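This document opens with one chain alone, in structure tokens, the form predicted on its own.
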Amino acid sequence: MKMHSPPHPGEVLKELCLEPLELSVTRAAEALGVSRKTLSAILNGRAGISPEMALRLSQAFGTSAESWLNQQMQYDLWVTEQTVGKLDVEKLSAA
């Protein structure tokens, strides 16, 4: 089932992981072994969750790497669907 306008995984990370633990971006970045700039870009939706980051998040927050990657894939697919639009199937069968 497709989600309508899924949140960026960075938003989920902020709301469900960092805020409940009262972690600052600086402290979370240090714990994850990444730069503050890298984590900030993810939290602000300017960068996606890579497989490496997914592993770091899964270890830090007791989640699965697959769940982070799935969130990223769902978000990316939704964004792409907004820009690509629908194909004209009739043109395909007329070719």
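From 1 onward, residues are counted along the sequence shown. Just so we're on the same page, rigid core means the largest C-alpha set that superposes within 1.5 Å between forms. Everything quoted here is computed from the prediction, not taken from an experiment.
The same protein also has a form predicted together with a further copy of the same chain, omitted here; what follows describes it.
Asker: Only one of T38, Q59, N44, T26 comes within 4.5 Å of a further copy of the same chain in the predicted complex by heavy atoms, so just point that one out.
Answerer: Checked against the cut-off, the match is Q59.
Asker: For S5, is any heavy atom within 4.5 Å of a further copy of the same chain in the predicted complex, or not?
Answerer: No - in the predicted complex, heavy atoms of S5 and a further copy of the same chain never come within 4.5 Å of each other.
Asker: Taking heavy atoms only, is D76 within 4.5 angstroms of a further copy of the same chain in the predicted complex?
Answerer: Flag for D76 set to yes.
Asker: In the predicted complex, is there a heavy atom of a further copy of the same chain that lies within 4.5 Å of any heavy atom of E81, even though the partner is absent here?
Answerer: Yes, E81 is a contact residue.
Asker: Within 4.5 Å of a further copy of the same chain in the predicted complex, which residues of 41-57 have a heavy atom? Give them in sequence order, or say none.
Answerer: Heavy-atom contacts to a further copy of the same chain in the predicted complex: P51, E52, L55, R56.
Asker: Once both forms sit on the same rigid core, is the C-alpha displacement of G85 at or above 2 Å between this form and the one not shown?
Answerer: Shift at G85: 2 Å or more after core fit.
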